[in-house]
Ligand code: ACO
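As structure tokens, one chain now follows by itself in the form predicted on its own.
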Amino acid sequence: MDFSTLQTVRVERENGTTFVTLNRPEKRNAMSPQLHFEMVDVLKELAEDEDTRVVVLTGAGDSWCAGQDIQLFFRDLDDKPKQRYLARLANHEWRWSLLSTFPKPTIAMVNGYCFGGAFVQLFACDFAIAADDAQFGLSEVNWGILPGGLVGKVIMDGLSYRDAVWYAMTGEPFDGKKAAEIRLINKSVPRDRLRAETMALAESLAKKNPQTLRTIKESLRMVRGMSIDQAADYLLAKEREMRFLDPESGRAKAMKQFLDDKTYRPGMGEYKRDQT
């Protein structure tokens, strides 16, 4: 795929980490139908891209994403049923179906405004780091609408009941520090350290066994809705599947380095991988 032809998304690679930037800074990176279509193509391309070990999702300019573009995604499509249908499919596909099941670690690097519909892709990412002064908000109530399009679902799953209801019903904005306090994100940092902190996490993840990371992602998301017995059976099956699919034979190598070579100490870093 020729990323240089994209008009609303920018893709840049850096030592195994691929930055995917929503690139409509003049609109605070509000999501247009074209952005949705381009993001579907980008994520499908990067899923099996050998040069990508970790994906960082961020925004151009002073915003991460201000939600849906009210004019382009809603009003302009009201009398265009086919285009509206296709745009909504792409909207859901990249923000949840593709991103939440992406086979590699994903990090939301929240550099500024994150409002409304942007909460879906925020929760779909595995990790989230924000600038202390980034601004978050569920402003739908102020438009006379509810947090729909999966926003209501992800905030109820990902936040405490009290916090989800408070911010959805008041529309009150909050900063990165508060987002970290209510566990919407992993942590917030000063803006001038945001990229460095994100890269440190990405580089740490890139050193780990890719198949193990993929299996952990899949497993943790699935067991949330299972009973204890279902989860135990599922996790055993995933463990066996992981060993079968892992081209690096990570489990066997770690055991050999620990038991035979005495070169690996669990809890003190990663076992030595043959990284190519």
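As the structure is a prediction and not an experimental result, all values here were calculated from the model. Numbering starts at 1 and follows the sequence shown.
Missing here is the form predicted together with acetyl coenzyme *A (ACO); even so, the following discussion is about that form.
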| Contact between D76 and acetyl coenzyme *A (ACO) in the predicted bound form at 4.5 Å, heavy atoms? | no
| request: Decide whether S139 counts as a contact residue for acetyl coenzyme *A (ACO) in the predicted bound form under a heavy atom distance cut-off of 4.5 Å. | output: yes
| message | Under a 4.5 Å heavy atom criterion, is D69 part of the interface with acetyl coenzyme *A (ACO) in the predicted bound form? | response | yes
| Contact label in the predicted bound form: E50 to acetyl coenzyme *A (ACO), heavy atom within 4.5 Å | no
| Within 4.5 Å of acetyl coenzyme *A (ACO) in the predicted bound form, do G16, V56 and F127 each have at least one heavy atom? | no
| message | Can you work out which of A200, I145, V165, L86 has a heavy atom no more than 4.5 Å from acetyl coenzyme *A (ACO) in the predicted bound form? | response | I145
| Out of K208, R251, K217, K27, which one falls within 4.5 Å of acetyl coenzyme *A (ACO) in the predicted bound form, going by heavy atoms? | K27
| request: Sort through 100-108, 184-192, 154-162, 114-122 and report the only stretch with a non-hydrogen atom within 4.5 Å of acetyl coenzyme *A (ACO) in the predicted bound form. | output: 114-122
| said: Just to make sure I understand: among 1-25, which residues lie within 4.5 Å of acetyl coenzyme *A (ACO) in the predicted bound form, judging by heavy atoms? | reply: none
